[in-house]
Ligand code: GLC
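Next up: just one chain, as structure tokens, the form predicted on its own.
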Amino acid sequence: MKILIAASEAFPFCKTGGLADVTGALAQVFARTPDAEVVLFLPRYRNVGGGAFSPKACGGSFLIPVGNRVETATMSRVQWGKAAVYFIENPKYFDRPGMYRTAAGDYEDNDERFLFFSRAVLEGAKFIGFKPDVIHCHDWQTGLVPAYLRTLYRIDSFYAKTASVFTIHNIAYQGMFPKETLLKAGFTWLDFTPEKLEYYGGVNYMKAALAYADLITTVSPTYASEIQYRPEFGHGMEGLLKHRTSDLFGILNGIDEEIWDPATDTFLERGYELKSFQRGKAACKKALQKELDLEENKDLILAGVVSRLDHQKGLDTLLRVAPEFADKMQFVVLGSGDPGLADGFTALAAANPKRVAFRSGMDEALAHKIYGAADIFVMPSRFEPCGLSQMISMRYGTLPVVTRTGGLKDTVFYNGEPKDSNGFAIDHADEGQLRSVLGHIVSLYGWRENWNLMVRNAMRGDYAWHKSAEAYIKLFNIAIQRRQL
């Protein structure tokens, strides 16, 4: 099976969030599947090419129509394990300080940048002679690829039997642009209808994929249901998704169990596994308390947060509740985003220097240390398509505190009985429920036998990618068979 993955980011080449972790992991796990040949297409952003990877230029160039003009694309390539990674290059579109935006907001020409990329993926595959059985597209930045396959490229014999599968990582981000984008992208006004590309008078790249892809997936079974039946989750797409319900599947993400392994994690003060987690986590906690100048006290619950600071993540709720618990537990927060939340956590840390530490930005080493040292990991998200942090924290024996939504509901189980629980869950990201569960956690922490039972449940979970990959390959085969008909 020839699989082409098209994405706007993939770790370790370019990353702004969890999308990159997922696309990077899938490329590797698909490439290890027997009889699979995998190529990954990415934009060549300014920061690509550092570190261990230096892409080599593929000779030649090709032209991509953008409106009534043409733009030139070149490509470079790097071999990454069994997967080949191709970078679409055009300095005008991709040689910029940020991938999608500046501090002032999104780039105004993101419609052009990603219609160029989407079409360059299709032309680039022809350029290197890779005829895919399936193109796996991710989020709105590649949403036009399935639409192109069924419109402009429907009579192109190169793609006659190519299926498309589109994965929604976060439906809140849709790529909405003015109607003039339709012509820039090479479509005609015949395509500008409610069942095709038109969306409230404009063009919506996410909708284009949902209308044209052979199959649609999203990143957890619960999220697949939420985006169809709850308008606050579907963000306007629930009608179309309900219409395509038989083509929509929820496949839970996994985590890279080599990167996230407390037994071999070199960032930790002391590695540990299921049998040695008590000594290991105690050593990690002491080291982190010392590093962040917190009170060194093994009996204080340490609550960790590694997150984007965003309304979605429910951390405003934690910010309001945390002061009531600063005499009973410690909080370590690592993240960047909303300036108001950053200021709030900065002030909370200043008022409680021995109990609260806040670090702005993303720091890989500190993130690993927090997962290893913390007793609980707080994720009171208002919605969460899948979430990786709760899986990482459980692998490290750190009990997640989550809201029952999306992938959090599918992975964290809590019914008040420690023997059946691997974390803690509330129904809504509100202060009363968070206050109540933190109070329960403070009292339960003293019952070490029950606490350690839950930790073992968490650490025994299987969070690897192999099950997810098998589910994707099964769907790819279904999509390919449909195309043969």
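Since the model is a prediction, treat every value here as computed from it, not as a measurement. In case it trips you up, residue 1 is the first one in the sequence shown, and so on.
Beyond what is shown, the protein has a form predicted in complex with alpha-D-glucopyranose (GLC); the following relates to that form.
Practice task
Report whether the minimum heavy atom distance between A469 and alpha-D-glucopyranose (GLC) in the predicted bound form is within 4.5 Å.
Solution key: No - in the predicted bound form, heavy atoms of A469 and alpha-D-glucopyranose (GLC) never come within 4.5 Å of each other.
Exercise for the section: Flag V145 as yes or no: does it have a non-hydrogen atom within 4.5 angstroms of any non-hydrogen atom of alpha-D-glucopyranose (GLC) in the predicted bound form? Expected result: No.
Exercise for the section: Could you confirm whether N170 comes within 4.5 Å of alpha-D-glucopyranose (GLC) in the predicted bound form, counting heavy atoms only? Expected result: Answer yes; at least one heavy atom of N170 falls within 4.5 Å of alpha-D-glucopyranose (GLC) in the predicted bound form.
Exercise for the section: Indicate whether V22 is a 4.5 Å heavy atom neighbour of alpha-D-glucopyranose (GLC) in the predicted bound form. Expected result: Looking in the predicted bound form, residue contacts with alpha-D-glucopyranose (GLC) include V22, since a heavy atom lies within 4.5 Å.
Exercise for the section: Identify, from the list A213, V121, C386, V203, the residue with a heavy atom within 4.5 Å of alpha-D-glucopyranose (GLC) in the predicted bound form. Expected result: Flagged contact: C386.
Exercise for the section: Go through Q174, T217, N253, Q228 and name the one with a heavy atom inside 4.5 Å of alpha-D-glucopyranose (GLC) in the predicted bound form. Expected result: Of Q174, T217, N253, Q228, the residue with a heavy atom within 4.5 Å of alpha-D-glucopyranose (GLC) in the predicted bound form is N253.
Practice task
Could you tell me which of 179-187, 323-331, 162-170, 105-113 sits within 4.5 Å of alpha-D-glucopyranose (GLC) in the predicted bound form, going by non-hydrogen atoms?
Solution key: In short, 162-170.
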